[in-house]
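Coming up is one lone chain in structure tokens, specifically the form predicted on its own.
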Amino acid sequence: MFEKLEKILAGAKADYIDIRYEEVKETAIGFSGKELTTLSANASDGFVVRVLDQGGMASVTFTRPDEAEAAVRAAEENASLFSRNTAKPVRMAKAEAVRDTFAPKLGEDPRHIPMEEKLELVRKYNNIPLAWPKVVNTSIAYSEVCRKKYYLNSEGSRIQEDLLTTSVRGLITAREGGLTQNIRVGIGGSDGFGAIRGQERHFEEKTKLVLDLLAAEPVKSGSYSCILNPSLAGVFAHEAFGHFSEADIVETLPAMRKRMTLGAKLGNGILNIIDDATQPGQLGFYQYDDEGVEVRPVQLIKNGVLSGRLHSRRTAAEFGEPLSGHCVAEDYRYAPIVRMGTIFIQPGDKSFGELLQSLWDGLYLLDAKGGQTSGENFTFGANYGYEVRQGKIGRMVRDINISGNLYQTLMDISSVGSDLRLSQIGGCGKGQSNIRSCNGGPHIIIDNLIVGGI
């Protein structure tokens, strides 16, 4: 394949050029209630070529080899047009030329599992909640995505890397009288089919929770000290803070860029946040980004102080900061953009029991349920929660929304647990989808959190 890519780029006239070719294979199985709605296996492939010339940068995607020459010429012409019509030429930080082939270690390769076996496993998980009369619907889907990437650039890099992701995820809906409640389910990872085997307990526990929600009371609105579980803490780290660690976001927001200056005190001194996509077996694991740069751990907040940022080669040059290997594309249809890999709040030294005693009175909130951010302000839903009285978990509550200001909330994180957990399923919709976006954290306490309810 690399010989073909070299021929495509042969004769190109530019300061820099790169090309990425991908073969993508996807398997999908879906149930809506007892009905099988999806059973498919698809394969596709395509190319992305990027050209940088005299400060102008352009990209073109194409799917047929006979379109290659026209695509390269179009990219050259667009880059030239851009260079003549911009007051701010594009620069790229210097990167090491790499030649490597990398494939992750898989406990069990899902590509070798028969479709019938996958179908029966998903059916079994789907039937667990449907055995309960109050469960009125399920939406459970299996997804398997394999990207085989070939990357070549004019600086001498030649990288072939495989990315494979499997998941079973969806929604369980229960109803009693006029009250309807639902809860999300999700298992998976990037280390093979074994990640989704033997997960009956997950579906049993989630079914019990959605049934319990039918008897729960709506939370009373107010300001609370709250324990957030690892799932909700991870979503806060990703959504409320993490996107502002992506350099291409803050570079166009002058006020935010000023606030997010390296060395700025942003949070409580006990707070540490890192993006580390180098951990094998985790959902967000990869070796090289889609610019051929090796990913590295980036300490984003250290002892409450902003200490790092996520970059592409372009933004690293713009900010004068080190490369991080965080320029990632959804697949061959897109040029890459700056993305988080595996972002999480790093663990502290408190047990969950110690957090309960420290909280004493407040709320214990679990699992994210949608949300949005607007600048430095955020609003998230929590799937469910519990009242905490005198250090003990009490009755279940539902219909929970939390909101706050990012900077104030970072200061209000008053205690950090020791029980780090990372997400098994991911997702981020910034510009493109990224099913491998991973987040997590330990249990944390946030003081003065605004909780919306009745």
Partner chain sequence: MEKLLEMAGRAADQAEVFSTEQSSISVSFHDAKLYDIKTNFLSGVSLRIIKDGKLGFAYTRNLKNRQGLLENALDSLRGRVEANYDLPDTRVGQSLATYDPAASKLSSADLLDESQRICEILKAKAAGEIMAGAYVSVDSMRILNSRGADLSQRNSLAGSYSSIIFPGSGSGMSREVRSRAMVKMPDNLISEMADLFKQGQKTVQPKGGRMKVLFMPESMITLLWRIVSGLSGRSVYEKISPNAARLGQRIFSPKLTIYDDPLNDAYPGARAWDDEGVPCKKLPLIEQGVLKGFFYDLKYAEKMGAASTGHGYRGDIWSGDPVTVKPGPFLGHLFMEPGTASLARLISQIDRGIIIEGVMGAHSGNIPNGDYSIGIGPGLYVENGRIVGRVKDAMAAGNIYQTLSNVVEVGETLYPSFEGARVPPLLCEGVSVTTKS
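Numbering follows the first chain given and starts at 1. Quick caveat: nothing in here was measured; it's all calculated off a predicted structure.
Keep in mind that the form predicted in complex with the partner chain is missing from the display, and what follows is about it.
Of the listed stretches (289-297, 192-200, 151-159, 80-88), which one has a non-hydrogen atom within 4.5 Å of the partner chain in the predicted bound form?
In short, 80-88.
Looking at 305, 270, 97, 253, which has any heavy atom no more than 4.5 Å from the partner chain in the predicted bound form?
Here the answer is residue option 253.
Go through 351, 357, 372, 279 and name the one with a heavy atom inside 4.5 Å of the partner chain in the predicted bound form.
When the partner chain is considered in the predicted bound form, the option within 4.5 Å is 372.
Quick one: does residue 122 come within 4.5 Å of the partner chain in the predicted bound form, counting heavy atoms only?
Answer no; every heavy atom of residue 122 is more than 4.5 Å from the partner chain in the predicted bound form.
Within a 4.5 Å heavy atom cut-off, is residue 378 in contact with the partner chain in the predicted bound form?
So residue 378 counts as contacting the partner chain.
I'd like to check something about residue 393: if you look in the predicted bound form, is any of its heavy atoms closer than or equal to 4.5 Å to a heavy atom of the partner chain?
Although the partner chain is absent here, residue 393 would stay clear of it in the predicted bound form, with no heavy atoms inside 4.5 Å.
Looking at the partner-bound form in the predicted bound form, is residue 208 within 4.5 Å of the partner chain by any heavy atom?
So residue 208 does not count as contacting the partner chain.
Could you pull out the residues of 221-238 that have any heavy atom within 4.5 Å of the partner chain in the predicted bound form?
Result: 221, 222.
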